[in-house]
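What follows is a single chain, given as structure tokens, in the form predicted on its own.
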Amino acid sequence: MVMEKLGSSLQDALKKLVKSGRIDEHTVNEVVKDIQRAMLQADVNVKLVMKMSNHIKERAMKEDVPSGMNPREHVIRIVYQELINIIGKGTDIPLKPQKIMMIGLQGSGKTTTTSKLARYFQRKGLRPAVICADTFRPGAYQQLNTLCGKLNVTFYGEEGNPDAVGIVERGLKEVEKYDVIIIDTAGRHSLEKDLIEEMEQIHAIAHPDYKLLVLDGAIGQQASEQARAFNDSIGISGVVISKLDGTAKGGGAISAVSETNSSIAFIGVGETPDDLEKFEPDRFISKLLGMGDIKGLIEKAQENLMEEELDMEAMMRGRFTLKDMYKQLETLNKMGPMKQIMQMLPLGGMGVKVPEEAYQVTGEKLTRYRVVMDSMTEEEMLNPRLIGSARIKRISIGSGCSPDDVRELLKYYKTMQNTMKGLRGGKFNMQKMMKKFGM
């Protein structure tokens, strides 16, 4: 995952600042070189990278350190601000009745993104409806109909009818009572004349409030050309970058958006219907730098959980008995893939490395962990350090699990305990840093 590698590379660069004895020109230059390398590997435009690098060096050497910050925090804050400047502001799509037209080339992930967008508004309490105007790609009707059916989202389309403009005209009448109407238009392998004409006709009939261009995160520098061509045709309200969860060099699409004075509305971060995030530059960069996304975590909790289910205070304090661990894991699993949730916590920023095994907790494993814990005493649950080989044998017999299952649980507990301790103090407190950044 290239965006993941970019985040890891940027975090490694910033760790040099934390560990350095003093912040001088040599230190800043070394950190900037690491940042340049990370950005270029992610396919960010060279001119943008050099412009950002020069700004970081100039500001780090010339600006006075603000009151309440040390030189390290000052430089990190500059890096954070300059990364946000590259991306620019996000497109704000309000939560109100509206019509949205989805555009993009074939293979960009437009149809899947359309269903995810419908799900996004559905989660926010609005009633979405989808019109399938993609009459060019075989299977587009069936794919979108199936996706909407799984989400219980109203769908309108006319299978086998090549008249996309007529479908939109009739579809708008059928779904006019819904809050958010999303029109999925056809794509091509390239921006051909007939595609442009069809888009312009649909645009004239639908009068959409927003026109969202879907760009494949792997497209690289070609994104600039595509964005300009679509913008010249019907105008672009915002961009959705899809497939940022895969091997995409997302920097190409992101920098292209910057070059064309567009802005990003949403990013696709996974394969499930819920894996579409409203794009907020500060939150995106915060996660990239390992500072977490507490706001996003709270929003996910509000959408998926009862208020009493998630003890954020316990999580942020790093308090962790076996009972606490199980409760928090059970709660986090309700909110989505463990990896996405853990990345919303300010763990990775300055030295707290989250082991890969910390993410590998499935519902099946949780069930097995519960069976094992049911055979533990209250004392063992509160103080797992008491559990030696004799107790492991007793617990395995009582639970019907193998001694290895018991050891796996205890090993996982230690991993999570050490990870959560990273939230508490130390040489560099990420929570304090986030407050100073105004996050």
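Bear in mind the structure is a predicted one, so any value in this text is a computation, not a measurement. Start at 1 and count along the sequence shown; that's the residue number.
The next section is about a form of this same protein that is not shown, the form predicted in complex with a small molecule.
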Within 4.5 Å of the small molecule in the model of the complex, heavy atom basis, the matching stretch of 160-168, 122-130, 100-108, 229-237 is 100-108
**Asked** According to a 4.5 angstroms non-hydrogen atom cut-off, is G251 in contact with the small molecule in the model of the complex?
**Response** no
- Query: Applying a 4.5 Å heavy atom distance criterion, does V269 contact the small molecule in the model of the complex?
  - Reply: yes
Does any part of T91 reach within 4.5 Å of the small molecule in the model of the complex? Heavy atoms only, please. no
**Asked** Within a 4.5 Å heavy atom cut-off, is S262 in contact with the small molecule in the model of the complex?
**Response** no
